[in-house]
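Listed next as structure tokens is one chain, alone, in the form predicted alone.
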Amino acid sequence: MAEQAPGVRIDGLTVVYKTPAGELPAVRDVTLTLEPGTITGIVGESGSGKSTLALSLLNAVQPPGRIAAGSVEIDGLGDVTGFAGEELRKARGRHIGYVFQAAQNSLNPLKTVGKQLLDLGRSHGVEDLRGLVREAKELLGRMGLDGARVLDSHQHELSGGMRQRVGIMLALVLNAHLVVLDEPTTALDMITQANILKIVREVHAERGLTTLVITHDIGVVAEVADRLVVMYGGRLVEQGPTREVLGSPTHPYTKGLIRAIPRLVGDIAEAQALPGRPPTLATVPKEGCVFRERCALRMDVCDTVDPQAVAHGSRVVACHAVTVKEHA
């Protein structure tokens, strides 16, 4: 019987980093469910906490960062925030596949891809290493690559798009059913980007995965995700079905992100950059709304009261102005 795609329930997750100014939150009180068998996309500007949130699924936040509060429950595993040592190592790869932001950084420049694949298999106790190589060649072939040639290559002999596909293969080859793709199309040309997204969709459907895609590119999410989650300053500000959020955004930050995208037709000047800059760890407000400095709908309450995430139909939105409008 095929394994079921796992569901993931993140509850009240807070991740802090130690700085000269004390411990500051990179992710604050995040609650999010990844439904089994779906693709969820998380978008936001650089520094919004997307990758830190994704690393929490592996319990892989590195010092000086730490998970300070909350839980990450994964079906078939339990709360991974309490995992350590061998238990954690076995969960990574076997249950959770992770494609890192810069694929070349996760490859050893001194070893061929094939040697790294065998190392991965041995470290997870795979007995049929020939079968593992066959599976890897088949996956690479599905992604339009010559599997034998790629396994005999070092990372510098592969293009950026090829390395990205190798990263996807390594994340899937141990049959993980929860897969995290961190910026899967960064620095790739448009045709390679389209191919990678097509592969993500196909492999997700064929293998019955639960997939999380982290990106700053709304176009990537529009292409692949069932559900869209918008992050800003370490908080989730809006989430809902992708088409609904993109078709009628509710949170002022989501609206600003979509307005900033140039259109293929019409006046290119209609694209408007968001005013101001996203906050850093040191400048995220300790109280009140994290987006208020850049928000046209700012009210007095935004300065002191953190907006709660409130359900509005199929959406969940954290915004005082939206809540006031809803009850007006």
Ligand SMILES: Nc1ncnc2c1ncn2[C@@H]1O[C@H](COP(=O)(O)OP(=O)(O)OP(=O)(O)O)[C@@H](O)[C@H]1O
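Bear in mind that the values here come from a model prediction, so they are computed numbers and not experimental data. Start at 1 and count along the sequence shown; that's the residue number.
The same protein also exists as the form predicted in complex with the named molecule; that form is not shown, yet it is the one meant from here on.
Engineer: Looking at the partner-bound form in the predicted complex, is K50 within 4.5 Å of the named molecule by any heavy atom?
Structural biologist: Looking in the predicted complex, residue contacts with the named molecule include K50, since a heavy atom lies within 4.5 Å.
Engineer: Is the gap between L281 and the named molecule in the predicted complex 4.5 Å or less for some heavy atom pair?
Structural biologist: Yes.
Engineer: Does E223 reach the named molecule in the predicted complex if we count a contact as any heavy atom within 4.5 Å?
Structural biologist: Residue-level check for E223: no, no contact with the named molecule.
Engineer: Considering only heavy atoms, tell me if P64 and the named molecule come within 4.5 Å of each other in the predicted complex.
Structural biologist: Yes, P64 lies within 4.5 Å of the named molecule in the predicted complex.
Engineer: Looking at D29, E35, E45, E293 here, can you tell me which has any non-hydrogen atom within 4.5 angstroms of the named molecule in the predicted complex?
Structural biologist: None of the other options qualify; the answer is E45.
Engineer: Considering non-hydrogen atoms and a 4.5 Å limit, which listed residue (T112, Q101, T81, T192) is close to the named molecule in the predicted complex?
Structural biologist: Selected residue: Q101.
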